[in-house]
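Before any questions on binding or motion, here is one chain by itself as structure tokens, the form predicted on its own.
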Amino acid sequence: MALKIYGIPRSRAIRNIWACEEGGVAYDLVPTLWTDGGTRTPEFLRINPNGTVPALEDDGFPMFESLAMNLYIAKHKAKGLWPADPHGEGQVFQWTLWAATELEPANIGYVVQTVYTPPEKQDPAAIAAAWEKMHKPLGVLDGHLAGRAHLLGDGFTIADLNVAAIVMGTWMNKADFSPWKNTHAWLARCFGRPAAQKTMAMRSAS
């Protein structure tokens, strides 16, 4: 039975779609919107009592929180995304939690200003201030990637996917990551992967 992912590509469900596409996991995308009450039905709330997308069902087993869902997909469903040793596994947890606590809060402020605010209402000073908050986490990432192709070394893992997925929309919106040359090159590698290209096309079309 295929995994069920609840959400739409233009939501955090895109992270789970990418993980499935990357790891060769069969999935059914169940279009679920928060704007039409779809996340407030009793059926959906049994899967995710938070009333938000994405959510996941695997043969009756429900999950919420997109990055946690990706850890589950990578370890138990996908091929080639989970490291083989305990140290690598520890790094996957580290970078995933870092992405949620350090990178995503900064990124959300920028996305709100540049993507969800109509152009005529955008405030250049607010955009600059939001981007300034990205400097610290991007600097941490850039330092770690010096001399590395990916977060855990040479191979692409769910750690790379979870961190890169946080800024997928920002990258697609042409934000300038070039001051962080290692991060910029790494993001280009991540988003240049066939599964990422397919996933971003789905996001753009939604």
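Everything numeric here is computed off the predicted structure, so don't read it as measured data. Residue numbers run from 1 along the displayed sequence.
The same protein also has a form predicted together with a small molecule, omitted here; what follows describes it.
When the small molecule is considered in the predicted complex, residue 148 lies well away from it, no heavy atom lying within 4.5 Å. Under a 4.5 angstroms non-hydrogen atom cutoff, the small molecule in the predicted complex has residue 52 among its neighbouring residues. The closest heavy atom approach of residue 40 to the small molecule in the predicted complex falls within 4.5 Å. Residue contact check for residue 184: none of its heavy atoms lie within 4.5 Å of the small molecule in the predicted complex. None of 171, 156, 34, 27 but one reaches within 4.5 angstroms of the small molecule in the predicted complex through a heavy atom, and that residue is 34. Only one of 157-165, 53-61, 139-147, 175-183 lies within 4.5 Å of the small molecule in the predicted complex by heavy atoms, and it is 53-61.
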